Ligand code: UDP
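Next up: a single chain in structure tokens, the form predicted alone.
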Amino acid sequence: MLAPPWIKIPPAGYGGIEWVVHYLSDAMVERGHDVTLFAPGSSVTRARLVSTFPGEMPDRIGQTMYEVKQVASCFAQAAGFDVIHDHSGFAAVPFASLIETPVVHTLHGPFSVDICSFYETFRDSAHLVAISEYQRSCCPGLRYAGTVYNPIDISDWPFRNRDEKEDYLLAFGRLCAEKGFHTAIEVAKRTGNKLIIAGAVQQVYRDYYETVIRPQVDGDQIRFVGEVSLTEKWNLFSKARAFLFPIQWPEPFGLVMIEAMACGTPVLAFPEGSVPEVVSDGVTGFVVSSVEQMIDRLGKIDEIDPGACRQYVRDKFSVARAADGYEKIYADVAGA
């Protein structure tokens, strides 16, 4: 199991890919597989940990040399593995054809023209796994081994019924324009609701935060609490009246949506990317196409049953279901 080199497994804060790697690695160990995890040395896992770097390096995210070094460390030991499951970016795929061990590569990011061209160039190097049918449709000519939704362990996430919720809306994630935090603020202001914003402000998006978001944070109606601990994240998600996800980019999955629903918190989201696959419109929240529709559906949010939200996640996005999907893919590519 080859993780990105920058954030430990499991992550203390931001790190959707790292959570997926954590769940899958431990699940495969529980199923009796011999799992080696390549990840930062500060990671905690039931698998055998091999670390190229002693600790996490969130300030170096995207610096290719670190990713290449970790891939090289993994591939040097390839003969000892039946399958390598790669969760890193672009570093492993071009060289996967140089080793005999089959490489399964999960597509954790969105497709663009250039990214699609990259994977088409190396279409025979690795066995690709999409994380949504929407993502798969963006570049249909690739060699896909399957589609497997990202999972969460629902037992980690506290459930609160409607009468246990607090009177605030929540927006959570990496603070950038594509995630639509400015739109969440607009919805809160126009409806008179309190909004809590939480998440990491990465340097590349610092200008968006400083010029668009920060001037609207008043500490009362609009609060920004920054990057929070896992316990604080659980509390924020479970106590929120609704989770706002007015994204403005082709989201390939959106783990935060299932985290909210697992807590019994309905999701209000724009229909970009995989959103219609992840949110069951009218059952676990509302998929809307405009600010006006989001405001309208917010007035109907109490029609959503928190118990139905949690059950939906249990049925569709469980760790067991994802492990089943990947186990089949591993067997297929290894010829077992």
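Bear in mind the structure is a predicted one, so any value in this text is a computation, not a measurement. Residue numbers run from 1 along the displayed sequence.
Beyond what is shown, the protein has a form predicted in complex with ligand UDP; the following relates to that form.
- Of the heavy atoms in Glu186, none are within 4.5 Å of ligand UDP in the predicted complex.
- Contact annotation for Gly16: at least one heavy atom lies within 4.5 Å of ligand UDP in the predicted complex.
- Using a 4.5 angstroms threshold between heavy atoms, Glu259 counts as touching ligand UDP in the predicted complex.
- At a distance threshold of 4.5 angstroms between non-hydrogen atoms, Gly254 is in contact with ligand UDP in the predicted complex.
- Checked against ligand UDP in the predicted complex, the candidates Lys233, Arg136, Lys239, His127 yield a single residue with a heavy atom inside 4.5 Å, and that residue is Lys233.
- The contact with ligand UDP in the predicted complex, taken as any heavy atom within 4.5 Å, belongs to Trp249 out of Tyr168, Trp249, Tyr144, Phe90.
- Residues placing heavy atoms within 4.5 Å of ligand UDP in the predicted complex fall in a single listed stretch, namely 199-207, out of 69-77, 92-100, 199-207, 212-220.
- In the predicted complex, the residues of 152-182 lying within 4.5 Å of ligand UDP by at least one heavy atom are, in order, Phe172, Gly173, Arg174, Lys179.
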